[in-house]
Each structure stands twice: as structure tokens, then as C-alpha cells.
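The chain below stands alone, shown as C-alpha cells; this is the form predicted on its own.
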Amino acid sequence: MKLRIATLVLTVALAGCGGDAAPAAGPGAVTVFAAASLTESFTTLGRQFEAAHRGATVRFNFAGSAALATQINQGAPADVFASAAPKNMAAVTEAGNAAGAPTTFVRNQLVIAVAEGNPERITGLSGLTGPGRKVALCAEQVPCGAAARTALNAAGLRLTPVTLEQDVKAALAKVKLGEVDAALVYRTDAAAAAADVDAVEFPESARATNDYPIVVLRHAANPAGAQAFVDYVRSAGGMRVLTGAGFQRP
């Protein structure tokens, strides 16, 4: 009997000692629809969130913001929406599918992604318009495409791309595969693919900065968990991950 009591006391004592180190009670499963350009950063934040909240699970659907907004408005099950532009967020809020007002949590700018070593020696937007130059852009209905059009207009350039992609990762893939000479992508995506591509900065990108809003969705199956994830993204730790990837604070 004495041995059993001693064992019980030791078990309770160990549980008490571990209280500070153990993760907090988990908020359950959270489904996040996020812009493709957030793939690397949000994947990291999702792992950190799960580690910090016992039992939490974060599931992601990464795609172009326009496609995600359409899916949400058609009833796709999601708890959180993070868009790469206010326009696509507005499509969700105006349809009555946001639980509150979206908050801008980061900003992003474009760069010219070229093959490693920049073999075509492209130094700015004007270098994309030469004879035979093959360039990939995002389609204008997705945020990276709208930003590209704004930047080209600011430079007074007309450009006919060889392909229009539905999200920034697809445009970047064309450079990585050697199918185009260059693509206009976000600085953060080029940084995430630095092993395969180089990034060429250009001044007109400052006039085409994209705001990234985030919101808990009205029909979220787990609104408390959704709010916890949004708060985590906006926390100091979340901002360290995002700015470390190249995003700018709003």
C-alpha cells in the first residue's frame, strides 16, 4: 500500500512540475483557406500553432485568392480566409460570409524571378519586353496579376506574356522549369525558391504593393479555434515568421 501511495504522489508531483512546459489545451481542428503566396509561412505557423496548443490541428487549402473566395461563397467548409488582396476579401465580406471586419496583417511586393545566375541579364521591367522574350504573369483576376498590371502601367510598358497563370506558384514554376525567361512574382515566393531562381528588384513594384487581409468566416465550424489561429498569425511570433519570409508589416 505504501508503495502505491508513493507512486501516486510521485505521479501527481511530476504532472504538476510539467504544467508550465506542457502546451495549452487545444482549440481543435481549424481549416484555413490561404493565398498561395502564404504557403511556406502559414505551413510554418500551422506547425507552431499545433505545438503550442495540445490537440490542435490546422488544415490548409492554398490557392489563388480569387478561387478561394469563390469556393467560400459557394459553401466550401472553412474557418479562416487569408487573401493576397482586399478585392478578393471584399467578395467574401460583401456576400455576408465574414464573421467580422478583416484585418490587414502583412503586405507584399513583386520582383522579377529569373533563372539562377540571371542568364538573360534582366535588370528591370523594360528587359521583359524584348523580341522573343518569354514571360509568365498571373491572370489579372488574381492579386499577383493585378499587381503586375499596375507595375507595368506605372512603367508605361505593354507586355504580352506567353502564359497567364491562376496563382503565383504556377507562374514561378514556369521559371523553375525553364519554360519562360522570367515571371513577375511576389518577393516572398522568389525568396522561398532561392535555390532555383534569382530575384530582380524593380522600382515600380513599390506602386503595386498588395495588402493581405485575414478574417474568421461566418459559417466557421470552429469559430473559437479560427480566432485563436488568426490571433497567432498576428502575434509577435507570427510576425517574426512572416517578416522573416520577406513580408512587410502593414
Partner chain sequence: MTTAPRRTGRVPIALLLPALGGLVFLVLPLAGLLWRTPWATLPQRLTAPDVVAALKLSLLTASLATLLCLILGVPLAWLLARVDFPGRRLARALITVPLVLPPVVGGIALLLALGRRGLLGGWLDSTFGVSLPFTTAGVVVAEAFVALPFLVISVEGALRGADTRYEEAAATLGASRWTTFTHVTLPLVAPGIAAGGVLCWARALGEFGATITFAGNYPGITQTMPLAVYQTMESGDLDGAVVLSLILLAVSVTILAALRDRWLAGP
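Positions refer to the first chain, counted from 1. These numbers come from a predicted model, not from an experiment.
Another form exists, predicted in complex with the partner chain; not displayed. Remarks below refer to it.
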| property | result |
| --- | --- |
| The partner chain contact at P161 in the model of the complex, heavy atom, 4.5 Å | yes |
| Exercise: V197 in contact with the partner chain in the model of the complex, heavy atom 4.5 Å | no |
| Contact flag, Q141 vs the partner chain in the model of the complex, heavy atom cut 4.5 Å | yes |
| The partner chain contact at A101 in the model of the complex, heavy atom, 4.5 Å | no |
| Location of the partner chain contact in the model of the complex, chosen stretch of 103-111, 121-129, 164-172, 77-85 [non-hydrogen atom, 4.5 Å] | 164-172 |
| Selected contact from G156, G96, G117, G178, since only one has a non-hydrogen atom within 4.5 angstroms of the partner chain in the model of the complex | G178 |
| Candidate from A66, A34, A190, L184 lying within 4.5 Å of the partner chain in the model of the complex - any heavy atom | A66 |
| In the model of the complex, residues of 113-137 near the partner chain [heavy atom within 4.5 Å] | K134 |
